[in-house]
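Two forms, one protein chain; structure tokens for each follow separately as structure 1 and structure 2.
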Structure 1
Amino acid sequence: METAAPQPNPVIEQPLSPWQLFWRRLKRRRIALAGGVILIGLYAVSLFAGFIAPYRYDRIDDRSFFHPPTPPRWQGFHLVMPRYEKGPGTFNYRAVLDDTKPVHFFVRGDKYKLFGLLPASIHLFGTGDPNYPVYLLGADQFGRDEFSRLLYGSQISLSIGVVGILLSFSMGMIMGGISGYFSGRTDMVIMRLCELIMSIPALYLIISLRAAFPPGMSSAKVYAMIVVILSFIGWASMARVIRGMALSFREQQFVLAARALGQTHLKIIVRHILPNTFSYVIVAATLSVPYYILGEVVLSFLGVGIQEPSASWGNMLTAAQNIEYLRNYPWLLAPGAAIFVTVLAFNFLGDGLRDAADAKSN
């Protein structure tokens, strides 16, 4: 007998779990990570909008109609804001450079509620003096600070995408799961409904749905209404894809095994079928958020969504529809740029997620 017994075969490579593989592939896509970082930043800013915004969204200053953007200036080592005086002509503002006030951090100003709960009046920055206003992005036709409104508007525009996705995708997954799992008549009815919804051009359907709600609702109700309308349309395409997946999973061993164990239909759909669709759903959700954001923008822009004086990126853009405003006060397009950056970030992230979830791409 030799001492060198045959060695056990060494393990060459530890197989990675699907999530580890997914994360490894995602890490290699810098642009997707950049999109993710931008989104985290945007959502963080929107969470603290009241604190970061120097003013309240509805603070009207009748001396500042169409005030141009006022970048703070350096004076020695201090940031200062000059006083502005009205020049000749309409809405012509001139900085008085020798009359300035320093910009302070954590200044006391308009009252607001942090996270919508905690009453507060400390703002990240400001001069603390209404005669020396800080309009980083200028002011609108009512003399309201565009930057502050942009931040408050982001709370509506950014959250509506996520809330809308959550509602429509859970609805789509459940309906799709039911449709694919039970098939037969249930399937037929649900799929015909999806087909009906998808065959109406989206905006026409949105407006018809809007007609069913009364005008002049409160902001919170309008918000809920927009979510409901957009989700009513959005669930259909999701349901169709999930149905296809459910149909194929239905015949597989693990579902048959669960059925043999006598589990209820609901449990089988929720526990066994839907989890297998998650990687698709996450990618699709990321890529669909922009549609909900844009849906709110269009509705509010057309004047049937979020109403003044509440700020949303859509209703802020309404002012830019006036050609005279648009030509003379281009800073009114700032919300458009904000929408662009947000949607771009979602597309970057979603594209990276899709590539990373697609094993073929490795």
Structure 2
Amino acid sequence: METAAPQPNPVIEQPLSPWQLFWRRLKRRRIALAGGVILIGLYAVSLFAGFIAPYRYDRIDDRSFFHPPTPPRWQGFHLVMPRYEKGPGTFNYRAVLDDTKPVHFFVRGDKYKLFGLLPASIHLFGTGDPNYPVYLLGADQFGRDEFSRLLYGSQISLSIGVVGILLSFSMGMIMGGISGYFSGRTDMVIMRLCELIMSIPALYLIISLRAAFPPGMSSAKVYAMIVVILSFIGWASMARVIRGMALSFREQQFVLAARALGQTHLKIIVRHILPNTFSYVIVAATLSVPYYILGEVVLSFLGVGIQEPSASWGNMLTAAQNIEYLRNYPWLLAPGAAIFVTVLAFNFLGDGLRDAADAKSN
């Protein structure tokens, strides 16, 4: 009588954690990953803006007003930059034949502070000769390098969204957690306060406060004022959502067990209730960052945000108010393209995170 062959033991797959399931769903969304890669690249470039930019944001060249974009060209195996001179017309430039300068890497140039702390003067590329400037994106109406100002401006325009979200969402999570956990009179007071704050238009508030401050206020103080006001306005909507989630969590078994073990109310809110809202908070934060960036852009564009000569994407676009500039010098719209790409990348990433956080999605 033949004996049956022994069957191999079935492989038991280990169950995936919620974060592993979240990451697996996110990896299937290529557009979201592309948005994340773009944002990582933008923030990395912003972090090293002083090193990558060939010039300082406030360097003025009175020989290069409205200089057109002049990318380096290959001459044999070397990158060279031709010398340009003004031709017929007010701002008409032409390259001088057979008059070039090699483009070098890691050249010494304008002084800057790496990460805002370390004094440095080494730049990624340049010619080292002011007669052969490298204007990858052209120059503006004051002869300032548009590419360098774009990089320096990214430090303000990109960071203001992250800092604003950290402040507003932290406050919104704490206030919403307290409101939902205690409910009753505490809930009523906090929710009425949220409704009052949400009724205040942020744009008019900033414009009014800006008019009350001295006109010579530094850009650092204006930056802090914009962040604080946008955060003050933005935490209320987050608090309302977290409050609703906290109302459902406060009767869950893990909260009742923590309460029975004698843990304080604050510890229950911070360690047990709020961590369960992180999946929503991450998605909401990603989708909200563009609004903070656009808020700074609008304010600087209107002249009540970051002031000259400091660079931000908003005040760089003030030149776009002149129709003649737009018609003759379209490279001045480079900050607009950067804003478009950044907001689109955040929206792609936010949509992907939202779909990945949905347990019903494939």
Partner chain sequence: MLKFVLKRLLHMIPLLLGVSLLTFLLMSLAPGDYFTTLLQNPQISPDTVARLKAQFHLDQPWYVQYFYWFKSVLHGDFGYSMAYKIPATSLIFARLWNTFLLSFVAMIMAWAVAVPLGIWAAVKKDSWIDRACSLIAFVGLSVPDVLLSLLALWFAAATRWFPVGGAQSPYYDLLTPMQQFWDRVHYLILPALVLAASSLAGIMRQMRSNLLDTLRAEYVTAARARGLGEGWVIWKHALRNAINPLLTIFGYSLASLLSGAFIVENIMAWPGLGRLTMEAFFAKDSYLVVDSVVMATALLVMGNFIADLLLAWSDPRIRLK
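Reference numbering: structure 1, starting with residue 1. Being a predicted model, the structure only gives us computed values, none of them experimental. Only the largest set of C-alpha atoms that superpose within 1.5 Å between the two forms is called the rigid core.
Peer 1: Just to confirm, one of these is the form predicted together with the partner chain and one is not; which one is it?
Peer 2: That would be structure 1.
Peer 1: Just checking, between structure 1 and structure 2 and with the core aligned, does V270 shift 2 Å or more at the CA?
Peer 2: V270: C-alpha displaced by less than 2 Å between structure 1 and structure 2.
Peer 1: For M171, decide whether the Cα shift between structure 1 and structure 2 is 2 Å or greater, given a superposition on the rigid core.
Peer 2: Shift at M171: below 2 Å after core fit.
Peer 1: Could you tell me whether the Cα atom of M198 shifts by at least 2 Å between structure 1 and structure 2 after core superposition?
Peer 2: Moves: yes, 2 Å or greater.
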